[in-house]
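Heads up, the chain below is alone and in the form predicted on its own; it's given as structure tokens.
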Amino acid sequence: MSEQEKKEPILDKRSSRRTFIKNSGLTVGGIVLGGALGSLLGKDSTTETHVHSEATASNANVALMYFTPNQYRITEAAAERIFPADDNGPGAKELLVAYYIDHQLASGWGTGAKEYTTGPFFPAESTQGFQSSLNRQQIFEIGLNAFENHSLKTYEKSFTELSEDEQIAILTDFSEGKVELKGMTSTYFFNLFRSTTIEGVYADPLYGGNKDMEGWKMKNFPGHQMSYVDIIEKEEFVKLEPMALNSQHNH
């Protein structure tokens, strides 16, 4: 694969991992996305509390706003399996996708602030979307806890201690609906987790992921340019260095 080709969200370079994502049939279009991505698309917990991590860091994007440290580590590991580093560029871990997901969950998107979540609730028809009283914070807490419990049950190890292939096997069980969760199917949670991971790869760095705009660079996406007036009429492709929202204001 040349450097000009787009990087696909796969588990890694091996065909078996590509097949995992391809065969899951779980695409971004079937999931409610967070508000940060926009139209760009067309990574002992019971005793921990929600705390800010690295609170003294100069970059607020690398400070936890919702996750416990253990939830963050599980999210980081699972997101890296969905969007791993390869010859085309960095993976979800290096792109800080887990921070993106953390920040989204801490926002109104995580609490469902603008969504109607009052019952009665009925099993949705195949043509309808997900119906539940659970907000996304609750969905992720249930799902991440299930990642851990299923790992302990299957391999007698924490999810973060599993090998890459073992982590892929756990994610495969979730994608195929083999794990029973309260209030939703494991397929639904995997689908939501996967789509949010991809958002974190390609959203503006302002929201915590896509570190150094590396996600955009892999697709030659120009980001938020002030103007295209100098190149709009050119017939040849013009490669531009991407610009983030805050790069236009030098902060």
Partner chain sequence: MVKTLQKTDVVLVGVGWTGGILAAELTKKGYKVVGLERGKERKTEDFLMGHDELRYAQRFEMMQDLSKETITFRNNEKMRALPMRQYGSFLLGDGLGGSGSHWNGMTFRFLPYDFQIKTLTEERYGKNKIPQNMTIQDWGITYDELEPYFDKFEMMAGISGEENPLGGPRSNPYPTKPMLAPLPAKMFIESSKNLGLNPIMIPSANLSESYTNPDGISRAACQYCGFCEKFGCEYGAKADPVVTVIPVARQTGNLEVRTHSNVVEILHEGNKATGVRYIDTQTGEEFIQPADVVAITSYVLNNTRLLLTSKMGKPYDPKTRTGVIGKNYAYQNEGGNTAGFFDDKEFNLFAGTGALGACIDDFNGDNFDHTSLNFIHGANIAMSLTGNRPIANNSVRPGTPSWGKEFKAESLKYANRNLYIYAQGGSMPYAHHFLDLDPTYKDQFGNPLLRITFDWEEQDRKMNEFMGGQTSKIMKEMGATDLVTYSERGTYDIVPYQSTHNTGGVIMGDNPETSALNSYLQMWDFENVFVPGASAFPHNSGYNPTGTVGALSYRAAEGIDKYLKNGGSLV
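Positions refer to the first chain, counted from 1. Source: prediction; values computed, not measured.
Keep in mind that the form predicted together with the partner chain is not shown, yet the notes after this line are about it.
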- Message: Using a 4.5 Å heavy atom cut-off, which residue among 138, 172, 145, 154 comes into contact with the partner chain in the predicted bound form?
- Response: 172
- Message: Given a 4.5 Å cut-off on heavy atoms, tell me which of 177-185, 69-77, 112-120, 146-154 is the interface stretch with the partner chain in the predicted bound form.
- Response: 112-120
- Find out whether any non-hydrogen atom of residue 163 is located within 4.5 angstroms of the partner chain in the predicted bound form, and reply yes or no. no
- in the predicted bound form, does residue 194 have a heavy atom within 4.5 Å of the partner chain? yes
- Query: Is residue 218 one of the residues lying within 4.5 Å of the partner chain in the predicted bound form, judged by heavy atom distances?
  - Reply: yes
- Message: Is it the case that residue 106, even though its partner is missing from this view, gets within 4.5 Å of the partner chain in the predicted bound form, heavy atoms only?
- Response: no
- Query: Out of 193-208, which residues reach within 4.5 Å of the partner chain in the predicted bound form, heavy atoms considered?
  - Reply: 194, 198, 199, 202, 203, 206, 207
